[in-house]
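Quick heads-up: it's one chain on its own, the form predicted alone, in structure tokens.
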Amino acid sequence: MCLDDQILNTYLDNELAEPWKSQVEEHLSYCSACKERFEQLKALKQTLQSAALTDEEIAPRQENVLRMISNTRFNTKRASFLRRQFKISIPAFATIAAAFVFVFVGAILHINNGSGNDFIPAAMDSAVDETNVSLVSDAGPAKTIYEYSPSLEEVLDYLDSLGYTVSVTKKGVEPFTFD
């Protein structure tokens, strides 16, 4: 089985560890196809090394290249607020438009409601007057939970009147069974 280019390049760069290095050298001694490919890679490496630019050859052009990259890729000019382009996707625009229409229609309906009292539906408006409505403060002070604490029997009777079935057990007490 022949060697691939990765192994040959690793051997060419002298980065192959010893047990494999001797095996590659042995394979190259009898395989003409791998030896020919190794020579091609060796020639390519020498061509690339000879074509590399030195720092003295790069220096005169380096400033021009960096300025060109800076001018084309990193535009420091800022557009004014009025000339700036705003991009918005169609779904986002549709959502904003729907919200605006919803708020606008709701405001119009609220303003044009015609009823004097916004909290009482129109059908109940005639049934509500001062004789059958009293303020909470007129009925006396409200009782808090601490002033009225029903007994367990009262709570169970109330739940029973609502149709609930309740069973009461006490934690840690085993029910007594008759044998």
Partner chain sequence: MEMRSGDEAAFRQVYEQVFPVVMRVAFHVTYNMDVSEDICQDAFIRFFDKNMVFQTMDDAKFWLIRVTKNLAINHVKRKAREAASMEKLKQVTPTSSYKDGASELLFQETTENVRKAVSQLSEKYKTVIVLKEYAGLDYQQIGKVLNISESNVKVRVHRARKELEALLGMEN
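Positions refer to the first chain, counted from 1. Throughout, rigid core stands for the largest set of C-alpha atoms superposing within 1.5 Å between the two forms. What you see is a predicted model, and the numbers here were worked out from it, not measured in a lab.
Same protein, other form: the form predicted together with its partner chain, not shown, and the subject of what follows.
By the criterion of a heavy atom within 4.5 Å, Leu12 is counted among the residues contacting its partner chain in the model of the complex.
At the 4.5 Å threshold, heavy atoms of Glu26 stay clear of its partner chain in the model of the complex, well away from it. Leu152 falls outside the set of residues with a heavy atom inside 4.5 Å of its partner chain in the model of the complex.
Although the partner is absent here, Ser32 lies well away from its partner chain in the model of the complex, with no heavy atom inside 4.5 Å. Residues Leu44, Lys45, Thr47, Leu48, Gln49, Ser50, Ala51, Ala52, Leu53, Thr54, Asp55, Glu57, Ile58 of 44-58 are found to place at least one heavy atom within 4.5 Å of its partner chain in the model of the complex. Once the rigid core is overlaid between this form and the one not shown, Gln62 counts among the residues whose Cα shifts by 2 Å or more. Relative to the superposed rigid core, Leu53 undergoes a CA displacement of at least 2 Å between this form and the one not shown.
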